[in-house]
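Only one chain comes next, encoded as C-alpha cells, the form predicted alone.
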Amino acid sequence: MTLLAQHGWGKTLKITKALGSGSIGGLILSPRDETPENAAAVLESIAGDHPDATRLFDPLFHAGQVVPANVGKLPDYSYYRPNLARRDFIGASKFAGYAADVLGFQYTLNVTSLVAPTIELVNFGDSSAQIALQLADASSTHHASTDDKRSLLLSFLINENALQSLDELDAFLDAITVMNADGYYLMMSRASSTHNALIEPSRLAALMYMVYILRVVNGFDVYCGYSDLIGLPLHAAGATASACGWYGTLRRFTFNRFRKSKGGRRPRPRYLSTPVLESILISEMDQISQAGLIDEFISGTSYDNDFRTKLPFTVAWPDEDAALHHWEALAAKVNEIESLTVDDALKKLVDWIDTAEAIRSEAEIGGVQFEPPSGDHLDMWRLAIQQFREMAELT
C-alpha cells in the first residue's frame, strides 16, 4: 500500500520534497498542467532521483466530454479529443484509434505502468458503461500487440450515483476481470459541492467492494485516484495505492476542474487532524487550542511543532507546508494498516472512528464549535464498513 501525489497546477517543490521524506511513493501526472515536454521531463527527473517511485500518467481523455472546456495544456497533446459526443464512439476503429493514440504517447514516457483512456461511467447499465468497456478492451488489445513489457492499468471514472446496484456492479466486475490487464486505475466522480470525506454509505461500501474483488479476490493492482481521506477505507479493503493532491479538485474528482472558473475566495486554511480523521479549519484549531485540547488533535508530523507552542491563527501555514503535512499525516495512517488483513484493517478503521468521535465530543463539550458538515462522515463510514462486510461476506 502506498500514497501517491495527484499532480496538478502549482506543484513547486512539493512532490520532490514529499518523495525525499518518504511520505508519498510516487505520483499520477496530469497533462492538463504540464506541456508534453515538461511532463516527460518531470517523469525523467523523478525516475532518476527516485527509481522505485510509482510514476503514472493520467491521460485525462474524459476531459473531452466537457463543453465548453477549460483544459489547460491538454490541446498540446496529440491524442486529446475535444467535444466528445456519442457519435465519436461508433465503430471499432474509433476505439482502436483512441487506444493507440493515448497509449502511444505514454510509451514515450518514463512511467512504471500505462493508463488506458476512459470516459465517465454514469450507470453500469447504460451506453457510457459500454463505451468505457470498449475503450478498456481496445487498450488491452493494443497493448498486447506491442513489445512494451510495462503493465497496463484499465481506467474507469465512475459516477458515484452508479454505485447503487450490486447486481449491475457484479456484472461489470465480471466483464473487466476477464480482460487482459495487470491492474486498474479507479476514480469516483463526485458532486461538485460534496465535502471530501462525506459520501453516502452504500456508495462507499460499493467502491470498497469493487476494490476488494479486484485486488484481494482476483489479485490485480488497484490504484484509487482523487481519494484523500476516503483512501483509508479503500486501503482497508485492499487498495494498492490511493492518491491525493494539494487542493480540493485534486482531492476529489469533479468535472468542475475542466470548466471555466467563476472565481471566488481563496479556500480557508486547514490542518489534517488524523486523530479525528478530518481536515480542520485553522479557526477551529484556534478554538481547540484555547480549550486546552490541541494535543488531542495533533497528527504527529514534522510540521506540527508550532501548533503545539503557539495559537494556531498565529502559525505561518503556507500552502506547501499544508500539503506536505497532509501527505505525511495521511501516509502514516495508510502505513498503519499496510500489513493487516482486510478484516483486521476494518477493525482498525472502526477503532479510529470511535477515537475520532470521542475526541470531537470532548472538544464540543469544551465549547469548540465545528462548522457543519464536519464530522458527519464518521457515522457514514461506520455504516459503509458494515455494509461492505455484508457484500464481501466478511461478517
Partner chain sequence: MNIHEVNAETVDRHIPDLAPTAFIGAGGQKRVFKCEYHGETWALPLIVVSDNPDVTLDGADSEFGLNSDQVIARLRREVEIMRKCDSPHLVKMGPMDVTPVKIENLSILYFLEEYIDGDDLKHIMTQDRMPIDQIKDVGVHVTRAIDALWNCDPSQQIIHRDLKPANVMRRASTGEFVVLDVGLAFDLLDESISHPGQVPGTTLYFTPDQLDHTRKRQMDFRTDMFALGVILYEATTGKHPFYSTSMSTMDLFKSILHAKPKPVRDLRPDAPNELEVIIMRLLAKKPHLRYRTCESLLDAFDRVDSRGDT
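Remember, predicted model here, so these are calculated numbers, not experimental data. Residue numbers count along the first chain shown, from 1.
Missing here is the form predicted together with the partner chain; even so, the following discussion is about that form.
Just one listed stretch, out of 113 to 121, 73 to 81, 314 to 322, 212 to 220, contacts the partner chain in the predicted bound form at the 4.5 Å heavy atom level, and that stretch is 212 to 220. For the residues 281, 171, 100, 298, the 4.5 Å heavy atom test against the partner chain in the predicted bound form is passed only by 171. Shown without its partner, this chain lists 254, 159, 146, 177 as candidates; in the predicted bound form, only 177 has a non-hydrogen atom within 4.5 angstroms of the partner chain.
With a 4.5 Å cutoff on heavy atoms, residue 199 does not count as touching the partner chain in the predicted bound form; it lies far away. When the partner chain is considered in the predicted bound form, residue 126 lies well away from it, no heavy atom lying within 4.5 Å.
Mapping the unseen interface onto this chain, residue 181 counts among the residues with a heavy atom inside 4.5 Å of the partner chain in the predicted bound form. Contacts between 367 to 395 and the partner chain, taken as any heavy atom within 4.5 Å in the predicted bound form, involve only 393.
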